[in-house]
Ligand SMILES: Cc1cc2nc3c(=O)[nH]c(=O)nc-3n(C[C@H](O)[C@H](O)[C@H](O)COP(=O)(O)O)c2cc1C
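The chain below stands alone and is given in structure tokens; this is the form predicted alone.
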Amino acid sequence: MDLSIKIKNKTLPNPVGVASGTFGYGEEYAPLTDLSKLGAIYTKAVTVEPRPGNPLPRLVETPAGMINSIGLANVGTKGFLEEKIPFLKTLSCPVILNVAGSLEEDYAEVIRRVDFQDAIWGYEVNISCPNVKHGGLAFGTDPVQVERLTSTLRKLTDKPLIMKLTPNVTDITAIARAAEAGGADAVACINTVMGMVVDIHKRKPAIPAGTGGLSGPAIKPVGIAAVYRVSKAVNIPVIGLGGIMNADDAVEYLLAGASALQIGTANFIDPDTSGKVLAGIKKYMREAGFTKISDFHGYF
């Protein structure tokens, strides 16, 4: 059984990774799960300079998930290189750095500063965060800007470049095709869906930012539909995420066209979800007679 996934000139050992923003920089989860079994760690986003993030509270539960408005709080590139890379170097699983910014130059500068690090397997470019005033969605909803940004970053690195797409657009396939045209090696979809919770007793939004990113089981059908449509629109691998809570959810994504997966909100409930999902995928493959991940594809 071959669970490996090739992106550009590198290989992920298995399809199940952990989503950016839900797993810190890996060290936080080391006492809780076996990191060596992960297909990849997609790190918490890193910007050029440190960011304090949005005012508290930043999280609120919903009936089928949660809304967050973290605001890309992170240690910045200097802090990442000094404080996070030493631990990440010790890991056997691929480390994919999530890159964020407010301007095109910001994304480029992050990659310029860190690309020499062998511990970084590749990049996931966050052009889809709904929780910052500038950048994020400002890039991810415009195909012209997506292609230009991807092309700019493509020239800065030989490592795999994954563009993370937002579902908060009219046609996600147009954005995916723009990323592919710019030189992306894969696309990840979806990021969170814009949502809002109102505290009826205080008569105001439950989080100071007002709106935030909805994740968890509520968005799984949105994510699967996006993967299905995008996988038919591009010729590069599609990484699926959004509401994967168990192996059955993961198999749905794979059958819809995903080549790899990310576990997000479920990490907050069970830090070992990724291991259990991988075991469930293997069981499904044995029972279905599948020998490789591509055997999932092409049924519809």
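A residue's number is simply how far along the shown sequence it sits, counting from 1. None of these values were measured; they are calculated from a predicted model.
From this point on, the text means the form predicted together with this ligand, which you will not see here.
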inquiry  = Is it the case in the predicted complex that S231, A250 and M285 each bring at least one heavy atom within 4.5 Å of this ligand?
reply    = no
query = Wondering, does L38 line up within 4.5 Å of this ligand in the predicted complex on heavy atoms?
reply = no
request  = Examine I219 and determine whether its closest non-hydrogen atom to this ligand in the predicted complex is within 4.5 angstroms.
outcome  = yes
key: Contact test in the predicted complex: L72 vs this ligand, heavy atoms, 4.5 Å   = yes
query = At the 4.5 Å heavy atom threshold, is I190 in contact with this ligand in the predicted complex?
reply = yes
message = Using a 4.5 Å heavy atom cut-off, which of 30 to 38, 48 to 56, 263 to 271, 231 to 239 contacts this ligand in the predicted complex?
response = 263 to 271
task = Quick one: from N98, T150, T77, T166, grab the residue that has a heavy atom within 4.5 Å of this ligand in the predicted complex.
result = N98
request  = May I ask you to list the residues of 10 to 37 that have any heavy atom within 4.5 angstroms of this ligand in the predicted complex, in sequence order?
outcome  = A19, S20, G21, T22
